[in-house]
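Next comes just one chain, in structure tokens: the form predicted on its own.
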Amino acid sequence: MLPNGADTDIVAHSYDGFPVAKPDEFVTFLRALPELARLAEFTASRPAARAFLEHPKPTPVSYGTEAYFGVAAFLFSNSSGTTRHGRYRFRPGAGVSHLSAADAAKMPEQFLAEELDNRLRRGPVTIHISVQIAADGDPVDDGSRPWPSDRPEIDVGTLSITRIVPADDERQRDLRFIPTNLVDGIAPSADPMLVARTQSYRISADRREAGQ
């Protein structure tokens, strides 16, 4: 939610990358997940999917102690008209901190929501936002291939979370996360997952609104 009344959506998660590059591959990946033999066959020829499954995914101490990575690249233009491909990066002001597997197993199901509520009582949770800039030759249409960590980053702002909005079932049913809902100076890249996500999220929101 932006100060001028506009809004924008950013899709990011705690893994730097994505299991596949194309929408049809993602459908196949999801359908293979429940069957180990089918999943093994799928990942045998897809190293990005195998890396996604095998990469450690520790439980964060808090939603405010996890780093998040933009899935797709976008075209960012500055006031001089220079345009570069970039991906979002979100880093917690409190630093990245995770629980051990043993400690995570002891936590109640809703502990992250409860922890965030308690943390906000002590003050805002800050998330620093930057854009990682692609170099020549970096893949800008394939979210399954992260760019090298030495690529430059530009600070673009800080997200400050101050409170949790009261539960509102009607408002939640109408929430629509649209990756191509952008602001001036930011345009979609050629990543095909951007269009697929936009279409599927709209279908999901329409079904929720219809009570399906």
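All residue numbers are counted from 1 along the displayed sequence. All values derive from a computational prediction rather than experimental measurement.
Another form exists, predicted in complex with protoporphyrin IX containing FE (HEM); not displayed. Remarks below refer to it.
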### Task
Report yes if any heavy atom of Gly70 sits within 4.5 Å of a heavy atom of protoporphyrin IX containing FE (HEM) in the predicted bound form; otherwise report no.
yes
### Query
Might Phe26 be said to contact protoporphyrin IX containing FE (HEM) in the predicted bound form, defining contact as any heavy atom within 4.5 Å?
yes
### Message
So, a 4.5 angstroms cut-off on heavy atom distances: do all three of Arg84, Trp147 and Arg151 pass it with respect to protoporphyrin IX containing FE (HEM) in the predicted bound form?
### Response
no
#### Entry: Neighbours of protoporphyrin IX containing FE (HEM) in the predicted bound form among 170 to 185 [non-hydrogen atom within 4.5 angstroms]
Phe177
